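Single chain ahead, by itself, as structure tokens, in the form predicted alone.
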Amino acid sequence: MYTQSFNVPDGGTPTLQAVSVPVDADLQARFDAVIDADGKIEPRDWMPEAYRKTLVRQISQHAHSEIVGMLPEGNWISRAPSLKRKAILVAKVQDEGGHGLYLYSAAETLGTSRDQMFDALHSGKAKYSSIFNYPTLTWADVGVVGWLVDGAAIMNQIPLCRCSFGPYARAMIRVCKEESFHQRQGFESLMTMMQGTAEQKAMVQDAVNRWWWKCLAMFGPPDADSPNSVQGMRWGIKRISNDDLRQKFVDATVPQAQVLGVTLPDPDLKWNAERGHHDFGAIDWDEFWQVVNGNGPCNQERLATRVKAWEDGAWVREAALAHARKQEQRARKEAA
């Protein structure tokens, strides 16, 4: 998932603050009735402050993840092995930027400005998905990011199309369609490499080895260690638990790996006929929390790149505001 907001609040500690119970019983009852009916809460509707804050945290973290997620692949645009691959990668990175814009817009309907969200990201207060704090070392990594990282994101994002908050749910419909295409692009790129030389096949296997466990951690800690997910599911924001999503991802990915011809790096991975699912090994949660808390291989690099881009683009924002002011002044004179 491209947001870990139910597990990682702003500030990086793995628990959320307790919230007070709303005092307006009638408004709360109307809100609960919409949630119970699996309806949609819209921006002008009354909502509990805790619901609003949770949505701002989740949607903004999701948006940050889309924007920061452009960086690991963007640095391969100039090094893509062919014009076709370059065009595909440019289109994908552009899509990710668009996803961030959809999501920032959805979060703004909750009363938080885009500048506030950017300030939280640039100061390190707001988080983004830990998966984007790892380097893409080879061209095969670009394909694996599409196949596994986007595949894991899709598994978690499809239920968000039924999120109880209307703007978020509607934005996710388009996001999921495009992410699904990205996943197929990644798989097709890897399939092409697996039909190539021994060196190319080894490159793919190496990338899979490095990214597999990180992708399993994307779904967040085990359900027993994610108590805030319960409230998110009660509100209709989160639809499926971390462990169930992780299991669905493993079950879907194993046959894809077989078609691809790669080995998933887990000696404990095997089919369990009694459960009707694949068993898999233990995830290194210590590494996950280290990265979430800012100690990953690329945390400082990724954040510094985003801050530099913001500062370098200041003149564009200033020019746009100046132009808007001139247009407004001109309109007033014409109306006078």
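One-based numbering along the sequence shown. Because the structure is predicted, anything quoted here is derived from the model rather than measured.
Below, we refer to the form predicted in complex with a small molecule, which is not included among the displayed structures.
Participant: Check Tyr128, Asn156 and Glu179: does every one of them have a heavy atom within 4.5 Å of the small molecule in the predicted complex?
Facilitator: Looking in the predicted complex, the three residues Tyr128, Asn156 and Glu179 all sit within 4.5 Å of the small molecule (heavy atoms).
Participant: So the small molecule isn't shown here. In the predicted complex, which residue out of Leu121, Leu160, Ala106, Val204 has a non-hydrogen atom within 4.5 Å of it?
Facilitator: Selected residue: Leu160.
Participant: Is the gap between Glu96 and the small molecule in the predicted complex 4.5 Å or less for some heavy atom pair?
Facilitator: Yes, Glu96 lies within 4.5 Å of the small molecule in the predicted complex.
Participant: Can you tell me whether Ala217 touches the small molecule? I mean in the predicted complex, with a 4.5 angstroms heavy atom cut-off.
Facilitator: Yes, Ala217 sits close enough to the small molecule in the predicted complex that at least one of its heavy atoms falls within 4.5 Å.
Participant: Even though the partner isn't displayed, in the predicted complex is Asn242 close enough to the small molecule, meaning a heavy atom within 4.5 Å?
Facilitator: Yes, Asn242 sits close enough to the small molecule in the predicted complex that at least one of its heavy atoms falls within 4.5 Å.
Participant: Taking 4.5 angstroms as the cut-off for heavy atoms, does Trp289 touch the small molecule in the predicted complex?
Facilitator: Heavy-atom contact with the small molecule at 4.5 Å: present for Trp289.
Participant: Looking at heavy atoms inside 4.5 Å, which stretch does the small molecule contact in the predicted complex, given the options 205-213, 146-154, 106-114, 261-269?
Facilitator: Looking at the other structure, the answer is 146-154.
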